[in-house]
Structure formats: structure tokens, C-alpha cells
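A lone chain, given as C-alpha cells: the form predicted on its own.
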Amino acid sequence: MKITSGRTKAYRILSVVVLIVLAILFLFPLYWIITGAFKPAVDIYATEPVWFPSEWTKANFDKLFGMRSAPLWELAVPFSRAITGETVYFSVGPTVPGAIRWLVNTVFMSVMAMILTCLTAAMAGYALAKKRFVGRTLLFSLIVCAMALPKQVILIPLIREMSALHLVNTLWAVIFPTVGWPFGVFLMKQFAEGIPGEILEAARVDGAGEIRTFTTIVLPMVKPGVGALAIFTFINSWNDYFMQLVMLSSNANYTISLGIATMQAETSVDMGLLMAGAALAAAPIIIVFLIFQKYFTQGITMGAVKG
């Protein structure tokens, strides 16, 4: 018994040590970006790594916020060009540094994509899991097959579709293609499968309609899956540089990653500027993950148990 107890204790200690080492390895790039954003040029371009800034400076952020300017908010009304012949914009706020505008664009794009994707995926997953209709299996098979298609394969149809809808060079051209994410539908179907049919039947007997059943019974029961999908969608939309590069072409509509890339292309390689931009872009992702961390962990755990 003592030998078994000793082995268990040694295993736990080894596990903690391994986890600490892995945590340090994963956190080191974030540490390097944050400290690099506040380093002077002499530390950034030193021949030997400078692990801690010799002098904290905000010169890199001053450069990031001082190179361009744009209105704080200018959102294109979707489909307005098809109706009026020209794009209608909703503008609010004073002129701000371009990086602030790009950050606002990226947050809006990612949040809208997250909300719309979670809503449509939850509804589609519930219908595929609990409704019986002709072609249900075929439809789900097509969704699974669509997960294997890289975005580059459907790029030309997407561009033609966004162009026909007069959405090119607007944030909606990056948001709408994300809404029908096949992985989201697949994930939410797996969670909806675990809803007991007796509960849904009891709701129908009590006179609850489809909307009330979905909002009061289905959504609360698949909340861990929605939380996990929210993080996946937010990060996927935030980091989707390829679609942003293809769909957006004006300075006012740039995202933070695209805007920093264009700034970098106009000047020589400035690692301090890149570090400051990367630190600014990483902050919202960290905040979103901390908010949804509990649901993300529950979603991963429940998915592992089901598998």
C-alpha cells in the first residue's frame, strides 16, 4: 500500500512539474510580445536577447497610434447599395488613430460573427439532432464533408457572392461567410444529442412552441457547447487574415492585423511597431477567453466524455 501511495505521489509531482514547464513554454511568446512592445529599439535589436526591458517606453505605441487616422465608427449598412445604388454608412464619433479604428472594426467583426454563428449553429444542431425530416442524414453528411474543404477552395464563389450582394470592402463580407460554419453545426449537434427527448415532449404537452422550447430548454442545456463555440468562432474570425486581406481594401475598414501589415509594408521592418500591434491585438482575445473559460472547459470535457 505504501509503495502504491508513493508512486501516486511521485506521479502527481511529475505531472505538476510537466504542466508548469508547458505553461511557461506557452506563456513565453506572450511575455516576449508584451515586454517587446515596451522595449526601446536598442533592446529589440540587441545581438543578445534582452529578457527584460532596460527602460520602459511607450514610443512603439506612440508610433502605432500616430501614423494614420480614421473616424471612430463607420459601418456600412448591409445590402444598402443594392437598394439605393450607393453604400450607406452609419458614422459616429470623432477622428481617432487608425489603430483604434482597426481594433473597433476587429472587435465588431469578431463579436458579430460569434453571435450569429452560435445562434445559427445552435438552431441547426438542434434541428439535426432532435427533428425528423426527409434528407436529414444527407444534409448532415454534406455538412461533415464541408468541414474538409479549405476556405481557399470556395474563395472565388464567396467573392462572387459578396460582390453580387454589394458587400465587398465591408465588414459584412468577412462576417457572413463565417455564420454557416460547418464545424459549429457539427459541434452543436453533438451537444443537442444529449438533450432527453422526454423533456422536449413535456414542453410540447405544456403548450410551449418551438421558439420557447429552444430558448428556455435547449439553449440552457447546450450552454457549455455554445461557450466553447463562442471562443472558437471569436478566435477564428479574429485571426482570419486571409479573408480580411481578400475582402477589405480601404483604410477605414481594415482590421488590426491587416492595418498593421499595411503599415509595415510602407516602412522598413520595425519590430517594435509589430510588437505593439501584436500586444494590442492579443488583449481582446485574452479577455474573451477569460470570460468564457468555464464554458470552454465544460464543453471540452463533455465532448471528451461523449467521444
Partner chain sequence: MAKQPRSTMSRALVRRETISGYMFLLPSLIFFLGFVIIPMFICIYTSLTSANMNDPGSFVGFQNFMDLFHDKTFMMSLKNTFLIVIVSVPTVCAFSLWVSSAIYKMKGPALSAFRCIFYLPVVTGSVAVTVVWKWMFDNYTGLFNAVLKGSGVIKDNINFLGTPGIAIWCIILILFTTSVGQPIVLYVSALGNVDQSLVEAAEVDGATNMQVFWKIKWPQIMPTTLYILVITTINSFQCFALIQLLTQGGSDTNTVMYYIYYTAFKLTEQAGHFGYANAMGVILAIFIGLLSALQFRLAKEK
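Rigid core (definition): largest C-alpha set, two forms, superposition within 1.5 Å. Computed from a predicted structure; not experimentally measured. Numbering follows the first chain given and starts at 1.
Below, we refer to the form predicted together with its partner chain, which is not included among the displayed structures.
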Exercise. Exactly one of V153, A164, I199, I83 has a non-hydrogen atom within 4.5 Å of its partner chain in the model of the complex; which residue is it?
Worked result: V153
For this session: Heavy atom within 4.5 Å of its partner chain in the model of the complex: which of A59, M67, A282, A252 fits that? Just give me the one.
Result: A282
Exercise. Within 4.5 Å of its partner chain in the model of the complex, do we find a heavy atom from each of F28, A124 and I286?
Worked result: yes
For this session: May I ask you to state whether F234 is within 4.5 Å of its partner chain in the model of the complex, using heavy atom distances?
Result: no
For this session: Mark A10 yes when one of its heavy atoms lies within 4.5 Å of a heavy atom of its partner chain in the model of the complex, and no otherwise.
Result: no
Exercise. Contact between M221 and its partner chain in the model of the complex at 4.5 Å, heavy atoms?
Worked result: no
Exercise. For T137, is any heavy atom within 4.5 Å of its partner chain in the model of the complex, or not?
Worked result: yes
Exercise. Even though the chain is shown alone, can you say which residues of 48-65 have a heavy atom within 4.5 Å of its partner chain in the model of the complex?
Worked result: P49, W51
Exercise. Is the C-alpha displacement of L245 equal to or greater than 2 Å between this form and the one not shown once the rigid core has been superposed?
Worked result: no
